[in-house]
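The structure tokens that follow cover one protein chain in two forms, given apart as structure 1 and structure 2.
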Structure 1
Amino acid sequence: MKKIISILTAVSLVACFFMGCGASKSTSNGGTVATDGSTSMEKVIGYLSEAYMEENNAVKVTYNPTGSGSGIKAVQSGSCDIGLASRDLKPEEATDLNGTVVAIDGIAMIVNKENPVKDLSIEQIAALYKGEVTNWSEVGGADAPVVLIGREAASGTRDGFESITDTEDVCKYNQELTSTGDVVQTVSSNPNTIGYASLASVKDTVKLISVEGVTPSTETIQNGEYKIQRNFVMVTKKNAKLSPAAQSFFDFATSSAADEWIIAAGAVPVKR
């Protein structure tokens, strides 16, 4: 079955290539763009591919949520056009692959409005989430227990947060909620809570805290001052050309036209 699909894809791509000869270069040529990789990038890639397919309805952009590592391997083996990784490429991967940052994931730390804490260091956040610090007074707050709000296992935001604060699998959550909205709602209703959420989904019902003295904002995330952030990377092969459709989608995703969709998906666009 897979073979048939890949043959069909190849045939249609070739056909498109010839058909596209006469057409202007900016319009894309149809076919399929296979993306594979990070589950955290689901929203970003979803928004981008939808926006792209709206304008180029001959092209189908597929997305296979397998994880950053598998996405990178898939590009290397050629089983997808564009790999998606929610981390930068390792040096050994970068020898034959190109990583292009399409968006930045900024994770904001939020507390209840009644909480006097304004700033935490990464170490303090890690200590809180590991359960080493259980009272807000130890980090400059009131004498109250700390309630840790997180996301369900393997949520993209949780994965990002835990990998940046180095607390993978050791967080002592009090609540594991299934959506960002739930996190914001819970933090806004309980003065003891601390939670994390994508910067774009933080509302003014909760208090945003600065990390190591830097308040998260589009600027501080773009210039790298704000620490709890990671890159969303599109991975391509160095020595092979993308198919016309894939190249066209890649160009769209890395152009400023993609910014509004990246913002809509809750991420921060790259500074151009």
Structure 2
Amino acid sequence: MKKIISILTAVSLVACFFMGCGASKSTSNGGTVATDGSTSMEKVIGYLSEAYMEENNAVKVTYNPTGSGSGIKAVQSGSCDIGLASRDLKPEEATDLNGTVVAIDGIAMIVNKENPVKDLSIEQIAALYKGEVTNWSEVGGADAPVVLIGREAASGTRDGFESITDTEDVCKYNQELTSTGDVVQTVSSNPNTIGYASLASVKDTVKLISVEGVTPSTETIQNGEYKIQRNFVMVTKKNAKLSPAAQSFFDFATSSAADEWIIAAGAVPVKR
């Protein structure tokens, strides 16, 4: 399945390149649906696209992984059909856009597998990222400096993490990386690092820690027990019709029929 998703993503990106990631172009045989935005939603949009295209082989769904902020702007400019954001819309964005939650994502806190720390409170996480705690021994770890890994300023994952931990504009990052995969890779290679990443993107190369005694899972995210979580959102223009192909894909992605694919991608379906 992973191989199929990788091939699908590559084909979609090539198609997106040649079409300039423009809005959908319907044909007599179907159409093309252009999606653009959150890199954290890569697995979710990949699984949903594949499942949809298996049943609607005359339609091609493309994905351009530019980040949440860029995806929202792409919808506003009309250069894509559906934007993808790993955060809720801001009030100023919601004036001309609709945000529909398609799945829920737990933002996982990850450390290197050699790190003995197993659980942190949100207060401790905030203190770490604000530079108030600089040595792992202060939170039950080894006597070693804390290396803070995060995402770039436009990232929806960063926006979600900083909003929940109340650390907006005060994080003392050692490295700001441009993709979730880079965060996981960096944490896996340095025993003193801590990072945050979409739960769906966490691999066994790093150690997932619980937050205030709660490990992120379908149940704890859906019922709200796990506190560091955010929505995966499909963004569309208000007062503007989607093409038939885009509307059909949107309807599928936001229906209960999509739940099994959202789960397969490692995210959590919306409680219906």
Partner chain sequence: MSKIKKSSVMLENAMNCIFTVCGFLTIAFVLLITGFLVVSGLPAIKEIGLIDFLFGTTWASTAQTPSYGILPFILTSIYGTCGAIIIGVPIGILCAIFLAKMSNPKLSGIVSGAVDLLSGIPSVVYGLVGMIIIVPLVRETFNLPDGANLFSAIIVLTVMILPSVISVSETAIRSVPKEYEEASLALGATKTETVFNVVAPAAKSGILTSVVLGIGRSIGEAMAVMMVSGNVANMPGMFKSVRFLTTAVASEMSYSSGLQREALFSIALVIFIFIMLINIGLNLFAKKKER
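Just so we're on the same page, residue numbers count up from 1 along structure 1's sequence. Just so you know, these numbers come straight off a predicted model, no measurement behind them.
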| query | Given that just one of these two is the form predicted on its own, which number is it? | reply | 2
| query | At which of V206, G71, D105, A245 does the chain hinge as its rigid parts turn between the two structures? | reply | D105
| Angle, in °, that the smaller rigid part sweeps relative to the larger one between the two structures | 35
